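For reference, the chain that follows is the form predicted alone, supplied as structure tokens.
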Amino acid sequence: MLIFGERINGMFTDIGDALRNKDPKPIQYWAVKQQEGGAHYLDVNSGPAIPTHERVEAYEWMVNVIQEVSELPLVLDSTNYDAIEAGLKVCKRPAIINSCPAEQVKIERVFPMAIQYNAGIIGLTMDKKGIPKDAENRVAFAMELVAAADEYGVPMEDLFIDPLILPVNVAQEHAPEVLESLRQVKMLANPAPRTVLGLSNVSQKSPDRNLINRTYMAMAIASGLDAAIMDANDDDLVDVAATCQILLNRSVYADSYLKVFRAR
């Protein structure tokens, strides 16, 4: 189970201000703090803080300032693929491109880029029409992404399928459909693609966010979840991820398993 720390995102006020002012300190603070919390990757997203025409330069700058203080690999998160490529060019370790929907034009841009830079890909189970309501159509989009990976030579272990969880307070019917999608994605290829969720989306604007996140993550891991973009500094949430690994017999039990999980 991989934890992608979510905190370096321009949607957060401190990160947005840091990007606008080119102040590396808040970005570096959260890079170190998330690594200490148990993150295995750092998701990097400028959000709306940077105008589109400035994002190429911004992603190169963000990658460089993060790599001054952390050796964790990065998840470059943007709809601007030129910005992602600028970041990939300066990454010291193989990164993950976040993301690519099941749209041919975007597949043709992203998959060759992944090969060129030895990067992974987060593939979204959606197209221009949006996110499907049911598992069947989510899995159909996943199959298109799996086929693209095979066509372009992207190793299946480098493809992360995201079946796109929505907030439970407005789209409750999606929650079980995403779990079923996770189960079915694991049957699309051998070896199977990996799976990922933007976990915090499930609890947006709900009063019991931490409880919803922890409960849904445990359910998702049992359904085949391999990674989550999540709060790496919610100790209880990270503990749930670690405990799921031993209860599903994916990690060897030791009394120190919580520390071992964070030390990977």
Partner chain sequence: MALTGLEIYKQMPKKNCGECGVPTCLAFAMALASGKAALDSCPYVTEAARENLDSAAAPPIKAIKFGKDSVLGDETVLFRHDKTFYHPTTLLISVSDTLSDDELNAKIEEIKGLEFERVGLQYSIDGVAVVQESGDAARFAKVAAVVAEATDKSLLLLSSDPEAMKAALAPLASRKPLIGAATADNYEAMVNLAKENSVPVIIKADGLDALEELVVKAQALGYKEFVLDPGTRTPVDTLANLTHIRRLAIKKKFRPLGFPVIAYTSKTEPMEEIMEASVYVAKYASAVVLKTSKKAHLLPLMTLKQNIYTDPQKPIQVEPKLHSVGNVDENSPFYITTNFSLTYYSVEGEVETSKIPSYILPIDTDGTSVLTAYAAGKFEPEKIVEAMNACGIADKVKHRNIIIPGYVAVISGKLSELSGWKTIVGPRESSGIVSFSKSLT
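Computed from a predicted structure; not experimentally measured. Numbering follows the first chain given and starts at 1.
There is another form of the same protein, the form predicted in complex with its partner chain; it is not shown, and what comes next is about it.
Contact between E136 and its partner chain in the model of the complex is found at the 4.5 Å heavy atom cutoff. Contact check for A102: no non-hydrogen atom falls within 4.5 Å of its partner chain in the model of the complex. Interface membership of D127, defined by any non-hydrogen atom within 4.5 Å of its partner chain in the model of the complex, is ruled out. With a 4.5 Å cutoff on heavy atoms, A86 does not count as touching its partner chain in the model of the complex; it lies far away.
For the residues D82, E71, E108, D150, the 4.5 Å heavy atom test against its partner chain in the model of the complex is passed only by D150.
Site annotation in the model of the complex: the residue of P191, P112, P94, P176 reaching within 4.5 Å of its partner chain with a heavy atom is P191.
Heavy atoms within 4.5 Å of its partner chain in the model of the complex belong, among the stretches 74-82, 94-102, 141-149, 163-171, to residues of 141-149.
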